[in-house]
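Take a look at this single chain, the form predicted on its own, given in structure tokens.
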């Protein structure tokens, strides 16, 4: 009988066998036990598209240590595993696979067939993460494994959407959103990565409508000028006091736009005068709302120019920028060019520059929801370690905008809103209505959009334990 240990340790000779034994004997299975205190960690669900990285490894280790420690202390310790459907990332992967193998788009397949392919992709590749978690030796309860689009989670998402809608905390409207022209969907503010990059400020003269000298405005995005509806100056800026209420002419376009007074412009920045393009800038949108200004969209969802751009219509936004600036310079409207560091927002998935634009989307009203989160920080119930992060937390919550939660994708939780084919009446419900409450028609179609992945992730600690039902586990 060989009693000597091998000279080198070979993990593959032991680890899979040991983990399999743990799993077969349900070593990590947890049940509600009246005689034990419960201790629960719900695994932050990794995306089905990826592989574990060092961040996951650290996070998994911390969760594993805590769970094993509590289990040894006699708690009924549950570590519940699962994965996230990752709307944008997964759809991109499936679309790429279909294009590479069949030369088709998702529209060629149609929604139903595309979703069949997406579920098949999930079954084929989605389990890779779980195999890696096992390789780490994580002591989670695989009998309770969940997926953010499984039946229980989907029921919870629909229920939560309807409850928020009925409370007036979810609404549909035309507002400024972050649009990714490559992924073809709206993004939340949290999905936009901000980076300062070298750029330019172009200074253009907008001549006065009465033939006077007019006003000089700086912009880093000349291609949006076709959507200008006003020039704003600060009410305290003495330079422009007599110009408020007069009109200037949009260079080369010839359209008259007013000069208005608003708190938004910074007299110390640029010339102190700001062009207002409500359809393509979030701050301009707010100014437009305050002054009841028109909304003119000059950029398409694919980042080409609309008919508002005249002869530049159909051009890519950056090609248009070059040609437009050249034409303005030749016509004598360009005053100067300033090299400047420009804040740039990019899609967190494809890293292309996002385009702020007006769009009809679903939003979660955030002000009321943020109040309790602000209050617990201010009264000391919630503490940050180190405490300097509280400033970041409070700044984010106090400045928060309404959350654009609809996505122009097919993979995800479809929005539970139905529209009457006859009169257009909208009904938010768990199932398609049988009769229109407005006109009595019986034909409906469901909203095409799906919800932001994080709408379901926010419910993850509760939906995985049975919410909205009042389960024993919950």
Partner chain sequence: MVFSGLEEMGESPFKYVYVHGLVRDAEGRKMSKSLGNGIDPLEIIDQYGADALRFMLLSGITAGNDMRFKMDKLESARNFANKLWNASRFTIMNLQDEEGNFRAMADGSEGAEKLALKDEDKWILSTINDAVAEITANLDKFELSLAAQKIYDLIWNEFCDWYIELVKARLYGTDEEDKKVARYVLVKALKDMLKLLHPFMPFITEEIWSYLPQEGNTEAFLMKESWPVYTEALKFEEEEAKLKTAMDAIRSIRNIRAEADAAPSRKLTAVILASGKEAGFMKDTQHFLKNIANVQEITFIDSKDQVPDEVMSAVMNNVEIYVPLDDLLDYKAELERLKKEKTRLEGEVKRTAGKLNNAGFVAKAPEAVVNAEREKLAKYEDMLAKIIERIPVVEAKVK
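What you are looking at is a predicted structure, and each value in this text was computed from that prediction instead of being measured. Positions refer to the first chain, counted from 1. C-alpha atoms forming the largest set that superposes within 1.5 Å between two forms make up the rigid core.
The next section is about a form of this same protein that is not shown, the form predicted together with its partner chain.
Using a 4.5 angstroms threshold between heavy atoms, residue 55 counts as touching its partner chain in the predicted complex. Residue contact check for residue 73: one or more of its heavy atoms lie within 4.5 Å of its partner chain in the predicted complex.
In the predicted complex, residue 164 approaches its partner chain with a heavy atom inside 4.5 Å. Contact annotation for residue 394: none of its heavy atoms lies within 4.5 Å of its partner chain in the predicted complex. The stretch in contact with its partner chain in the predicted complex, judged by heavy atoms within 4.5 Å, is 386-394, chosen from 100-108, 386-394, 269-277, 182-190.
Residue in contact with its partner chain in the predicted complex (any heavy atom within 4.5 Å), chosen from 116, 326, 197, 135: 135. Taken together, 18, 62 and 457 are fully in contact with its partner chain in the predicted complex: each brings a heavy atom within 4.5 Å. With the core held fixed between the shown form and the other one, residue 364 has its Cα displaced by under 2 Å.
Residue 378: CA moves 2 Å or more between the shown form and the other one after rigid-core fitting.
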